[in-house]
Ligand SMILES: Cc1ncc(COP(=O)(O)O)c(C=O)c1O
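Single chain ahead, by itself, as structure tokens, in the form predicted alone.
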Amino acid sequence: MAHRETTAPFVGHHPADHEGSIKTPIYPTSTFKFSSAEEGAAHMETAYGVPGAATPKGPNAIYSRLSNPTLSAAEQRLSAWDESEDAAFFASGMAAITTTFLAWTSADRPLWFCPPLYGGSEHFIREILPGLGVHVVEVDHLDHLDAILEREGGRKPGMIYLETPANPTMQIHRIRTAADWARQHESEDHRMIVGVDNTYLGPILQRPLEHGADVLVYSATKYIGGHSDLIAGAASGKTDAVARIREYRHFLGGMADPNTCWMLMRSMETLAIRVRHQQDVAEQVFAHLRNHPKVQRFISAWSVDLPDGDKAIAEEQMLGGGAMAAFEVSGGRAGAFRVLNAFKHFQLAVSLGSTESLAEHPASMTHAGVPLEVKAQYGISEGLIRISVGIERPEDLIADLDQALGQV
């Protein structure tokens, strides 16, 4: 059987269906013609969940808020990379994350989450979901799930949500612990979803579904897109988990557009090559930073940089440490800003996973909306700088870091 790297880059496209075109066409189409009224009724009643709807025949395309051939092809390709049962693309990572929350939490389905999280996710959980009647519970450690259930009076979560490695401070959570606990405590009338933000390591370096997760969410802008030229998000996982998320997408209208999906398909052809090369470059850059005299604290998801308790978990569920790291310099925000303003090859911009190397200040940028006490608890200090390594020569990036750190 062929390897995933041979087949996944091209899943979702059949040249014979498109006049022999080697690449999938873009369908900039809002609505699609039915061959009969009966077919149209079957498609629309099925899409809207009408009880007793007839089984649709013919092409699945109906209306591009519901489905589109380019969107469907891109989703099949991501599903192939993740080896998931289904996948859905969204207009942004936050569209994917918030739609997933809305689909699988409610007044009687609390959200349990493990901080720290990406700042946008953290804000939505802490500031918006409670206003919608969703009870949210902070989980300090997955080993404490039984104690938290007892503290909550036996009220089971609808979703356990974690981001591992955490952005930007690289805490590691054991996915299997959450998954096994969910399977033990869910019931026929209370499905429990384990959701994992897999943006940082992606389909190449971490496979949460193999460790029991139900659904993965991505900012597909990052490694999946990987070129800083699109905004997209995704959910990928088990059929029932993604089906409910897609149903909510139908009505919230957060699907990815055909042009973006075409670009995502292009990017997924080189996904493994890019990610592995970026990790190779990062290995040399990180080795230099670990012992740099101007770096007070260096953080990455590489095993050598993890606390002893996290090393075994990383070896169990990760296939590499990735190309993102953070380091702390003296002088607080002023010191960090001096470094950031001095970079020549590192681009001063938020985001990660792009072909160019990026640098940013989490405390005032990506995590600006996170409460001060949460930032302090998880080490998101004023002197912390996050970097994402791209495809440049490592010696040039090392020289850039040296000259910028000379400003501290």
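Computed from a prediction, not measured in an experiment: that's the story for all the values here. One rule holds for the numbers: they count along the sequence shown, beginning at 1.
Form predicted in complex with this ligand: not shown, discussed below.
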| query | finding |
| --- | --- |
| One residue of Y118, W181, W302, F327 in contact with this ligand, assessed in the model of the complex (non-hydrogen atom, 4.5 angstroms) | Y118 |
| One residue of L352, V370, A61, V339 in contact with this ligand, assessed in the model of the complex (non-hydrogen atom, 4.5 angstroms) | L352 |
| This ligand in the model of the complex: contacting segment from 193-201, 293-301, 308-316, 253-261, heavy atom within 4.5 Å | 193-201 |
| 4.5 Å heavy atom contact, M94 and this ligand in the model of the complex | yes |
| Close approach of E163 to this ligand in the model of the complex, 4.5 Å, heavy atom | yes |
| Interface membership of N167, this ligand in the model of the complex, 4.5 Å heavy atom rule | yes |
| Distance check, A232 to this ligand in the model of the complex, heavy atom within 4.5 Å | yes |
